[in-house]
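What follows is a single chain, given as structure tokens, in the form predicted on its own.
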Amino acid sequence: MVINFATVGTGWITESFIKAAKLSGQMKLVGVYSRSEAKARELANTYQAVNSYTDLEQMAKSSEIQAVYIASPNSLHFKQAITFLKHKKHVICEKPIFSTSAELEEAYRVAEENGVYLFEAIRNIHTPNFRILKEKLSMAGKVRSTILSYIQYSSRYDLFLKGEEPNIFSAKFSGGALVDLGVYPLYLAVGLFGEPKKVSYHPVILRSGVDGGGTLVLEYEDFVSTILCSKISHSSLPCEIHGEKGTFVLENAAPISEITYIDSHSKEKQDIGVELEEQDMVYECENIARIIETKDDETYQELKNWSRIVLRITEEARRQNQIVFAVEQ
């Protein structure tokens, strides 16, 4: 089975998904949407899509399209997803899936009502290296702490410093570092350890009212997971999971390109990861296509649960710091 899909958004992440979908052999691009007719046609021509659209409703009504990948500004995700779900299209929505838990629950309700799936596109948890890490986590013994980070300077911060307000640094478009880069390490924590007992967030608040970076502390029963994220500075700090028997070192939170296990006593190092495809989004394309084709509700429910937990955490982190998105006003 090959799933015919269309896209919303024309940025680099959309092109990455299109390439990964093609590599998977399980998804075929048949349409693209942009508010700009020229951009829609250009992207469609580049990737041999039959149709281009500037009207979401028209695209949603197409009988040729089975699924839609949404990579528009964060604040637009919910309304666009609902449009496609109501037309019985599976929706793959780029992270962060929505701005609030209320939006998420309503979208899940509409998806179920129409017999389709709703996925959050978060590439690192679908990779073989995430599965390997989860399977081998017990090697480290009792986990005592973690440092999980994604700190990457954004070129759009240069525009912000010049007085502009790019979407990712705007409360109007549900922006900020935690809901953008921070969800990668946050998903690692939730996927490996579940929901924390307590959350506290210590951000750098920008003049636009959103966070440019920050430190998120997740308190579990026996340890604390510290998550560092920023779009206004840069770091090559790896991710680490510290257990009593050993430590896992991940080169990056996304992609999880390398995993090294270091024994606490012998200090012996062991590479346990595998080499990933350059287009690492291929793994989420394959997994999503498999879930749809086989109706794997067990995996789907697990992914839904992770999305719920991650969104609850980011909501609480924002509440603590009076970071209010326009969609909440």
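Predicted, not measured: the structure shown is a model, and the values here were computed from it. Note that residue numbering begins at 1 and tracks the sequence as displayed.
We do not show the form predicted in complex with a small molecule, though everything after this point is about it.
Q) From the list A71, I259, L148, A111, which entry has a heavy atom within 4.5 Å of the small molecule in the model of the complex? A) Selected residue: A71.
Q.
By the heavy atom within 4.5 Å rule, which residue out of F119, F78, F173, F248 makes contact with the small molecule in the model of the complex?
A. Looking at F119, F78, F173, F248 one by one, just F173 meets the 4.5 Å heavy-atom criterion.
Q | Options 180 to 188, 235 to 243, 127 to 135, 220 to 228; stretch whose heavy atom lies within 4.5 Å of the small molecule in the model of the complex | A | This holds for exactly one stretch, 180 to 188.
Q.
I'd like to know if N167 sits close to the small molecule in the model of the complex, meaning any non-hydrogen atom pair within 4.5 angstroms.
A. N167: contacts the small molecule in the model of the complex.
(Q) Would you classify N321 as touching the small molecule in the model of the complex, given a 4.5 Å non-hydrogen atom cut-off? (A) N321: no, not in contact with the small molecule in the model of the complex.
Q) Can any non-hydrogen atom of H87 be found within 4.5 angstroms of the small molecule in the model of the complex? A) No, H87 sits far enough from the small molecule in the model of the complex that none of its heavy atoms falls within 4.5 Å.
Q: Give a yes or no for K39: in the model of the complex, does one of its heavy atoms lie within 4.5 Å of a heavy atom belonging to the small molecule?
A: Contact check for K39: yes, within 4.5 Å of the small molecule in the model of the complex.
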